[in-house]
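Have a look below at one chain only, the form predicted on its own, in structure tokens format.
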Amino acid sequence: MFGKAGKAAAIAAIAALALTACGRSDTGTTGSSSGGEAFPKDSAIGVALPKKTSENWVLAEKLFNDGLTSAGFKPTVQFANNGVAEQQNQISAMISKGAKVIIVGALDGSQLGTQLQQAKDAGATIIAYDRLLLNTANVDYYVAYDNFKVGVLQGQALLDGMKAKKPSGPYNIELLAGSPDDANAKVFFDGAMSVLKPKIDDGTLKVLSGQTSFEKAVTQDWKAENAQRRMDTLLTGSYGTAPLDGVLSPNDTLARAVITSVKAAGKPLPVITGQDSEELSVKSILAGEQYSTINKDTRKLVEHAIVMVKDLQAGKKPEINDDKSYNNTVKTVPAFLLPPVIVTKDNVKTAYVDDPVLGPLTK
């Protein structure tokens, strides 16, 4: 998303932010995990991130390195670009280095059980970052944006955008979902379908392909080429003469793939949703192509994860504001959820006023 100069400026501004508290002070509740014993301020902290599939993950790497280092910790921040086995090995290495806290943005949240058990046996605290860790009791906290709300916002934006273009239905739509190994993908989809399914049931929305289930809509590895290939097939198979009014896209990368596919098919652009506020998609919204994105400021998410680490270091229980929503099949994980914000052309010029890169872009 950022050029070298822009990224450097963003990181310089963000590193200072990483040391201050963030989030909603009026929503704190008591969680089920205790703070535990304090540990030295110069302790090792591990951060295991997934593949570099979006600009936000790349930015998070630098923010964690700079923020944790500035706070006096010794961070190890790694990506699992070569798959789940690499992330498993990385977490094991962090345990061997004596990491007191391990922050995990899972590549596949259901395949780290052995490593998380080893981490707990070694006395480490586990924070799930952005993606919930599944099927394990060995996760202490979850910090993320409210992912179900993200889906709700996307579903409502799709309806609003189509109605603005054509006041009454029916509307023809297609559904895309994220990668099935990402625990968030189903949450996004379910949030959107809580809005869209009633309209499908009453005939306001028609999915001409018939592909309305999460399993049919998934995009392996969140790869643009996979989304574009599926969209090409849908357009050829179901939209020869029929109009396509809208596409539920779970993120900006896939939204741009949909735009490429639709343009190649020579059809008018439908209303297309997104997420992540990637620079190219913000420009696309300004140009009137992509309809919406979701602002989930990575600076604030990393900042709060670091606040949690600092609380744990001091022997305090980190603040949470949700202790009932995120059940990973074994336990309900105490969470701190940040509020996502829908962005369309109507508010794009004000949505990023505090963003050091996107703010200037939208002026």
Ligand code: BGC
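The first residue of the sequence shown is number 1, and the count goes up from there. Keep in mind it's a predicted model, so treat the numbers as computed, not measured.
Just so you know, the form predicted in complex with ligand BGC exists too; it's not on screen, but the next bit is about it.
A residue is said to contact a partner when one of its heavy atoms sits within 4.5 Å of a partner heavy atom; F188 meets this definition for ligand BGC in the predicted bound form.
By the criterion of a heavy atom within 4.5 Å, F39 is excluded from the residues contacting ligand BGC in the predicted bound form.
For R256, no non-hydrogen atom is located within 4.5 Å of ligand BGC in the predicted bound form, even though that partner is not displayed.
Of the heavy atoms in N251, some are within 4.5 Å of ligand BGC in the predicted bound form.
Proximity to ligand BGC in the predicted bound form holds for none of K163, T273 and T344, with the criterion being a heavy atom within 4.5 Å.
From the list 109-117, 180-188, 200-208, 85-93, the contact stretch for ligand BGC in the predicted bound form under a 4.5 Å heavy atom rule is 180-188. This chain is displayed alone, yet in the predicted bound form one of F73, Y171, W222, Y141 has a heavy atom within 4.5 Å of ligand BGC; that residue is W222.
For the candidate set S54, S43, N328, N321, a heavy atom within 4.5 Å of ligand BGC in the predicted bound form is found for exactly one residue, namely S54.
Shown here without ligand BGC, the chain has D130, R131 in 113-131 lying with a heavy atom within 4.5 Å of that partner in the predicted bound form.
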